[in-house]
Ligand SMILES: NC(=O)c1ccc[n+]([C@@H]2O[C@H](COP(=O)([O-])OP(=O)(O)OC[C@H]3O[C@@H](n4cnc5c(N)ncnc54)[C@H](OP(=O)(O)O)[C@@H]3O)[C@@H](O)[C@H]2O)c1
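One chain is shown next in structure tokens, namely the form predicted alone.
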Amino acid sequence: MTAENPAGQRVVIDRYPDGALRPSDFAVEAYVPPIPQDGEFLVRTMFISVDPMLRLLVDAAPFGGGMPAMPLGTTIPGAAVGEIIATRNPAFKVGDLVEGRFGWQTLAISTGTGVNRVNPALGKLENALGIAGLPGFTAYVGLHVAGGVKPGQTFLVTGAAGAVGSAVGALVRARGGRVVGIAGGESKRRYLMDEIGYDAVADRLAPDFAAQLASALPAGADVYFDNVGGLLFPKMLPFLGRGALILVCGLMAQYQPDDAAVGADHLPDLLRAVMFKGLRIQGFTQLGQDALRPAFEEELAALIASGKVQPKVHVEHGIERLPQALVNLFDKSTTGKVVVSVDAASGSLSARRTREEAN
């Protein structure tokens, strides 16, 4: 090992999941990354993102066989934020703090494609993986697809306590809209009401769930921002107003096998609602929307500076925590954006950034 060729750790797929995801489906191993070649740089990651979509990518037949399976032993893909420690790319220098698809590893080689410099106006480093990163940008793109937030509009958001859902709620409220969330349990309901600013939250685990929704949506929702899909989707149809827009950006309930959903056919109900309520359905992602990023960062920086948006990130510590953190997204429905700190320097650098911003 040399200064140019340090050793790191990475998380790989050790076996394809059989049913629900388990930590034992992964393995943590030591490795030495290649030395950067012309046009490349080496990143020491500090915070690694934990995202539900990764559940699909580690399957033996990702997207139902629509994509080839990752070979066993492959490093888990995913977003991370870190510091460049060696470079042969003239566009990036040593010391740059960057966010990109560096994967679940402590050291990563990159050409700079898809890499964004961390904007210091957006707060702590880990924010670059939360409301200032993919989840927040996805929420922003969704609101762009919806045509913005119009006066008097009501948004209904599933998975409201998750990374994207909490970002949607914060942005809608900051823009003057009304937002109703769906989450499981009293602690998540209080989090969304007290810290994110949701106008109302219905507890999907409560026996009076439908009554809570009816009370919160007397005229029906104008926009339904769906992060969950599955059996929850058809249950929302009665609570949508005439001409409502359904935005689909996640199907978390369908990322793992669900015996309860087998054999259920809700297509007739959906088609009736589309026909008689004039519903519109629009799927979207943040891919190909980079032109919106400058406006997104400008708006978010202003909201953070004014205190209208106060980002929260759930931080685990140690690269070995990554598999369990992913499992917990499904088994425990972890609140907020989940990241794992994998570098001892990340805490001190994040604290340094906080001090610099305060001065």
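For clarity, every value in this text was computed on a predicted model and none was experimentally measured. Counting begins at 1, following the sequence as shown.
If you look for the form predicted together with this ligand, you will not find it shown, but the lines that follow are about it.
In the model of the complex, no residue of the candidate spot (Leu171, Val223 and Phe296) has a heavy atom lying within 4.5 Å of this ligand.
This chain is drawn without this ligand; in the model of the complex, the residue among Ala210, Ala121, Leu251, Met193 with a heavy atom within 4.5 Å of it is Leu251.
With the partner omitted here, the residue from Thr285, Gln282, Thr74, Ser215 that has a non-hydrogen atom within 4.5 angstroms of this ligand in the model of the complex is Thr285.
The candidate stretches are 62-70, 301-309, 28-36, 48-56, and the one lying within 4.5 Å of this ligand in the model of the complex by heavy atoms is 48-56. Among heavy atoms of Leu107, none comes within 4.5 Å of this ligand in the model of the complex. When contacts are judged by a 4.5 Å heavy atom cut-off, Val228 counts as touching this ligand in the model of the complex. Contact annotation: Pro17 falls outside 4.5 Å of this ligand in the model of the complex, judged by heavy atom distances.
Using a 4.5 angstroms limit between non-hydrogen atoms, Thr138 touches this ligand in the model of the complex. Taking this ligand as positioned in the model of the complex, the residues of 128-163 that bring a heavy atom within 4.5 Å of it are, in sequence order, Leu134, Thr138, Gly159, Ala161, Gly162, Ala163.
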